[in-house]
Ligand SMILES: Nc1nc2c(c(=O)[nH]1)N[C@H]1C(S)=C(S)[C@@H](COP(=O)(O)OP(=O)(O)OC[C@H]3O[C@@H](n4cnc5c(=O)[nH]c(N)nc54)[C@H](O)[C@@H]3O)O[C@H]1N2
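Quick setup: one chain, the form predicted alone, written in structure tokens, and binding and motion questions come after.
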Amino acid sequence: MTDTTLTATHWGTYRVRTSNGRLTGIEGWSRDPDPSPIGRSLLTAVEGPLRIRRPAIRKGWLKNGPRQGDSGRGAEPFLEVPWDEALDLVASELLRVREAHGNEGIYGGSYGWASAGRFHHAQSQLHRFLNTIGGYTRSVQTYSSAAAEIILPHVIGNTDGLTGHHSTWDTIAEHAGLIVAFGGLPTRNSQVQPGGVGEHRLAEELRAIERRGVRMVSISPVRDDAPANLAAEWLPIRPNTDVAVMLGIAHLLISQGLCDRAFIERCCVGFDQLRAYVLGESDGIPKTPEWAANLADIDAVRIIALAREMAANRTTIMVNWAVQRGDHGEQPYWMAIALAALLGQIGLPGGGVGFGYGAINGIGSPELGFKWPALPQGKNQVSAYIPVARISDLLLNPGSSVEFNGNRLVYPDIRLVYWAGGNPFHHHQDINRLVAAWRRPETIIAHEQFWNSLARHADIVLPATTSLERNDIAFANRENVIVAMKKAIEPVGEARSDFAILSGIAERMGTLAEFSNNWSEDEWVRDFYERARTTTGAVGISMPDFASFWRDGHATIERPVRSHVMLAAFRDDPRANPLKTPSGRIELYSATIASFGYDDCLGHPAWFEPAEWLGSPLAKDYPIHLLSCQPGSKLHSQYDHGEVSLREKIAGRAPIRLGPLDAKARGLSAGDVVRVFNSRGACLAAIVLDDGLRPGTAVLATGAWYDPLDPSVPASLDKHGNPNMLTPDKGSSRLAQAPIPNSTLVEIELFRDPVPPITAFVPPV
């Protein structure tokens, strides 16, 4: 018997075919004009040998019990146990830690992205459960845009232009004459979107821009960070020098009277302080185009010409999310806003600034004007929290403190880590340091679908279902389509949904009614839909009844907003529409940030030399600047074992892009397996020659599952190509404490030993 059902994923909506209960095919939805190929990885992976089929306990933990400093994680075999035994162990561990160390001794991990379904969202499920038992130590921010999440509210009062409320593509196409994109506009990232993707529209939007003749300048070390169809001019700057270029442009605008003083006086505060810094009056260093050219290694004449062109045209300034994932990542975002303010085009169609265009599918699409429902998580009674990228610091340094956004946080003593959704061995920097930190908790519990590095480094592993093995509902962010995610196959092995797993634990801890609301999974899904109907009905939008929606498999609603210009209302009347900043205006100088007294984040945007960049003395030993972009063949590390990702690998390794001159200087050829290394660690990768990189730059995408040569040996070589073996685990500044993976120097050499086999895709014993 053959069946077809619709399902939503973070990289698209697909038609899934099954025959006699087994997956047989998957294809892009007919409504999607540009479906992502990533969905094909579901076919070979969901029922493949890496699925975790039964609860499993690490042998050393069973033998020795919970203890700190356990070096067996990642190296020992597992013992499968019945569900009742596993749930009893989890409940007893939570009770033990809560009674002996308090709820702040529990770190509630999880990092979203586990499912496009709104109910079976692992992070929300886990946090709701932990709140029913008294709370947990949590994290704030995201790895994707942590620096921006902190700096933007200080400057413009919220995160508009980062996570939503961008100027829409139609206004840019119709009114812009010039796009200046710092970090380019890499379209590979637009395959994905939180909450699912109904229709991939970026390619269509870019064609409209091309037809209108909008010129684009891509300021990036990588040429193909700009879409090929736009024929963008490429300015190949040194990595991490975007702020210097912006300051050089600002110097020209200020010194030659090309600023819009009327806009600045009406809509901004702090121009005098910024002006004094740019002209060198406050520190003796004028930030001239020549000064910027020396740092960025591009022609000063070109910076001058670009500044004049920006002033003469309606200019949209775009800054990629990757740009703020470097040391002092707050500064390029702050300075980009300042530059747009000097031009006086903020709030004008086709002008102003926006962040992350191309980073995910929905950016630049019109908003819906309301929020889709989410799983209520209850109240966390624990006040302790950390910046998201300080997990290793938290585990290694209990009782110590960290400065963060004007506060001083004290790290709790974490005894138990509970993780559901996400993979820290993918998204965290300096994996060797993380491995050391990961040994400190007494117990680590993980919900996982596959035997990835998180599961291998846990003590108790509970097998979770994939989105194809349960009913759910997807509300695609920024999209007007709702998808009924009907179960396509029965759970593989004994896998259970996160809701079912946590319900079993809650029953043992006496909080089942509070956690489950005495509802089944299907009742929860129906409630999500009915809440959405109430929300849309309040703004005059109708949705079909639930039975019709579930029968049809999807519903499309009217889109109330067609186009948008970021900060247009504020520009029109700053008094009537003030920003949520202390001044109510754009803060080119922030008295609040200045009051923190940070020497690595002043009261105005500034150039700070990164800890690692090609202008530093360290470049003598490690002369290649490594950029670790998001992969085009998967979402983060999800389905790295799927067919789409596997086809991209060379000799089983992640490909590393290197310029022909840099390869020749090292005696390297295309396809060579190389050792990429610095003082923090090393990994193997395979060479792809690319003449679209500026000299001294290499690109190694994230997502290769961590695969140490010898898991029992500290700082073991990663065989697979995980760039976080190399990236520094340092905060961007005391303000944001954001991750800085794009400030990484390495050296590359031919790997002359016999190339070891990949074992990341072999299940543990």
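Sequential numbering from 1, following the sequence displayed. Just so you know, these numbers come straight off a predicted model, no measurement behind them.
Same protein, other form: the form predicted together with this ligand, not shown, and the subject of what follows.
Student: Would you classify H636 as touching this ligand in the predicted complex, given a 4.5 Å non-hydrogen atom cut-off?
Tutor: Heavy-atom contact with this ligand at 4.5 Å: present for H636.
Student: At the 4.5 Å heavy atom threshold, is H120 in contact with this ligand in the predicted complex?
Tutor: Yes, H120 is a contact residue.
Student: Wondering, does S732 line up within 4.5 Å of this ligand in the predicted complex on heavy atoms?
Tutor: No, no contact at 4.5 Å.
Student: Can you work out whether P221 and this ligand are in contact in the predicted complex, taking contact to mean some heavy atom pair no more than 4.5 Å apart?
Tutor: Contact check for P221: yes, within 4.5 Å of this ligand in the predicted complex.
Student: Quick check on this chain: which one of G553, G659, G134, G632 has a heavy atom within 4.5 Å of this ligand in the predicted complex?
Tutor: In short, G632.
Student: Report the residue, out of F677, Y143, W372, F596, that has at least one non-hydrogen atom within 4.5 angstroms of this ligand in the predicted complex.
Tutor: Checked against the cut-off, the match is Y143.
Student: Quick one: find which of 183 to 191, 334 to 342, 94 to 102, 168 to 176 has residues within 4.5 Å of this ligand in the predicted complex by heavy atom distance.
Tutor: Result for this chain: 183 to 191.
Student: Go through 223 to 247 residue by residue and record those having a heavy atom within 4.5 Å of this ligand in the predicted complex; state none if no residue qualifies.
Tutor: In sequence order, D225, I237, P239, N240, D242 come within 4.5 Å of the partner.
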